[in-house]
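Shown here is one chain on its own, the form predicted alone, set out as structure tokens.
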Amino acid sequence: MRVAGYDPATEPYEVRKRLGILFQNPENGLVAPFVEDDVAFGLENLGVDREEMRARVAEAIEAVGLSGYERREPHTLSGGEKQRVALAGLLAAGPEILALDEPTSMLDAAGRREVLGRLQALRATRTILHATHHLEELVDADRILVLNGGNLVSDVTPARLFSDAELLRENRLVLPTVQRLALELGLSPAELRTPERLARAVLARAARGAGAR
């Protein structure tokens, strides 16, 4: 296996420069007394110049929507904010690839929205590998790799997965509520990603039906 063309067994330093990992428990990623120090921690280990470090830390904190939190103590933050601090630490190091291990599993609904919103904004500039049991977190993914018993059983688009009842059933995957309702109503589950879109599609179909009469 290679990561960005490098072998982790023989070139671990090169791999670490290009791969950042975000774990499910945000507490595991916080090591410093203040937010800005935590975000700078990885850069200090890499020996980054002080001025460059300040610039990269500020940019990363802004990217996750935490400007003004620089001197906050991480233990005073919400779960979603803590996870965003951990994400900022990764972004400051500048990895090409972000590997996310159930990054929202320990967050409440508000925290999940915070983190997923920031990750969505990063898709244009990073390769993101997102491991999750929640299919609603993958509706905008380019590809979904379905694992069962440690084996890869499918490599499909969200549209293909959400429309394949047999694949979902065989792998004990549950469609998000909006997509499940869309499927039951005979609408496209992949295109109707929010309750608002589903409502508009239902109203449009009802209007077409009324016009036909």
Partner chain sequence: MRLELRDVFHVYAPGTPFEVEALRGVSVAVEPGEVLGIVGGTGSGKSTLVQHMNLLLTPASGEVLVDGVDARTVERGELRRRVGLVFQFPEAALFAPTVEEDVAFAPRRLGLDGGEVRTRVRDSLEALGAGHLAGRSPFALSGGEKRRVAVAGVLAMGPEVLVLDEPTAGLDPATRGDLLALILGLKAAGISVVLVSHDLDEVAEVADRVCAIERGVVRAVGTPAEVFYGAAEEDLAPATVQTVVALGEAQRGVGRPVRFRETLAALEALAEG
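Positions refer to the first chain, counted from 1. Computed from a predicted model, the values in this text were never measured in an experiment. Only the largest set of C-alpha atoms that superpose within 1.5 Å between the two forms is called the rigid core.
Only in words, not in the display: the form predicted together with its partner chain, which the text now covers.
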| query | finding |
| --- | --- |
| Triplet 78, 109 and 178 all within 4.5 Å of its partner chain in the predicted complex via a heavy atom | yes |
| Interface membership of residue 9, its partner chain in the predicted complex, 4.5 Å heavy atom rule | no |
| Residue 166, heavy atom within 4.5 angstroms of its partner chain in the predicted complex | no |
| is_contact(residue 71, its partner chain) in the predicted complex, heavy atom dist at most 4.5 Å | yes |
| Heavy atom of residue 156 within 4.5 Å of its partner chain in the predicted complex | no |
| Stretch 23-42: residues contacting its partner chain in the predicted complex, 4.5 Å heavy atom cut-off | 24, 25, 26, 34 |
| C-alpha of residue 103 off by 2 Å or more between the shown form and the other one on rigid core | yes |
| Core-superposed comparison between the shown form and the other one, residue 114 Cα displacement 2 Å or beyond | yes |
| Outcome for the Cα pair residue 28, residue 110 in the predicted complex, compared with this form (closer or farther; change of 3 Å or more) | farther |
| Comparison of CA distance in the predicted complex with shown form for residue 114, residue 30, at least 3 Å | farther |
